[in-house]
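Next up is one chain by itself, shown in structure tokens, the form predicted alone.
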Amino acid sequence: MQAFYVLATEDYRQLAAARDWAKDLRAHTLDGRIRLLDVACGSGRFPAALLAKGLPARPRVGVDLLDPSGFSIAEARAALDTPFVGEGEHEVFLQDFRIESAYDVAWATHALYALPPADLAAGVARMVAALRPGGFGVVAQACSRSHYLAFYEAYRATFAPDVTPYTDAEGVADALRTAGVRPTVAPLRYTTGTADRGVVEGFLQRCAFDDTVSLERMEADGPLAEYLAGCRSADGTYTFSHEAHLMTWENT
């Protein structure tokens, strides 16, 4: 995970810089506070990126953390600081989430890749339904031509043809429209890279959720080797190209 976030932290820096999030939060305050649902919260990197950018201490943001991993929920809670205050915890898959109260804001930031295609529509519909009328929804997801998706397809073709493909931004946008939402979509394009092979290996293993395949094996043969060759310069430096779609909407 440490190697992964050497590069992947840039995903959240890009998101933090993409909008005036303080203004977005203020605009959706109700009764002096905000109730936020952090969908597939992971390790809390997006709130941490907002704090690093200087998010104001007001208004207070009460955060409900949703993730199928109890470990991730604990990590995300530990990353919260003012104005974020951890409140509810939901150790559940998004598509199985039981909505008990409405939220002012719900976001899923680089969080829905492992949501199976068969469950995508139900999961996204749950997220939309969790917002109050006038609530603010956010999904940030890499598109099909971005590194995370292109790499994973090459990994599947080489090492794991039977594993479920990742969900891409295009699929999420379709699911949002099916749920009655017309999101505004802002593409974010950027690169990450390093010449440190240990970092590259850890990053790619996490991208595949498979730490059994070494970088040397990835580079050796098949579609994955071909993909990685296109990311590698003559001096051995790797550069990965990303395009994330930042999708936002207000529940009407």
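Keep in mind that this is a model prediction, so the values were computed, not measured. Numbers follow the displayed sequence, beginning with 1.
Although not depicted, the form predicted in complex with a small molecule is the subject of the following passage.
J.: Just checking whether Pro68 would be counted as a contact of the small molecule in the predicted bound form - the rule being heavy atoms within 4.5 angstroms.
T.: Pro68: yes, in contact with the small molecule in the predicted bound form.
J.: Would Thr192 count as touching the small molecule in the predicted bound form under a 4.5 Å heavy atom rule?
T.: No.
J.: Answer yes if any heavy atom of Tyr12 is within 4.5 Å of a heavy atom of the small molecule in the predicted bound form; otherwise answer no.
T.: Close contact exists here: in the predicted bound form, Tyr12 approaches the small molecule to within 4.5 Å, heavy atoms only.
J.: Does the small molecule get within 4.5 angstroms of any non-hydrogen atom of Val172 in the predicted bound form?
T.: Answer no; every heavy atom of Val172 is more than 4.5 Å from the small molecule in the predicted bound form.
J.: Between Ala130, Ala111, Leu80, Ala179, only one gets a heavy atom within 4.5 angstroms of the small molecule in the predicted bound form; which residue is that?
T.: Here the answer is residue option Ala111.
J.: Could you spot which one of Pro59, Gly202, Pro183, Gly42 gets a heavy atom to within 4.5 Å of the small molecule in the predicted bound form?
T.: In short, Gly42.
J.: Could you tell me which of 212 to 220, 44 to 52, 23 to 31, 192 to 200 sits within 4.5 Å of the small molecule in the predicted bound form, going by non-hydrogen atoms?
T.: Every other range fails; the passing one is 44 to 52.
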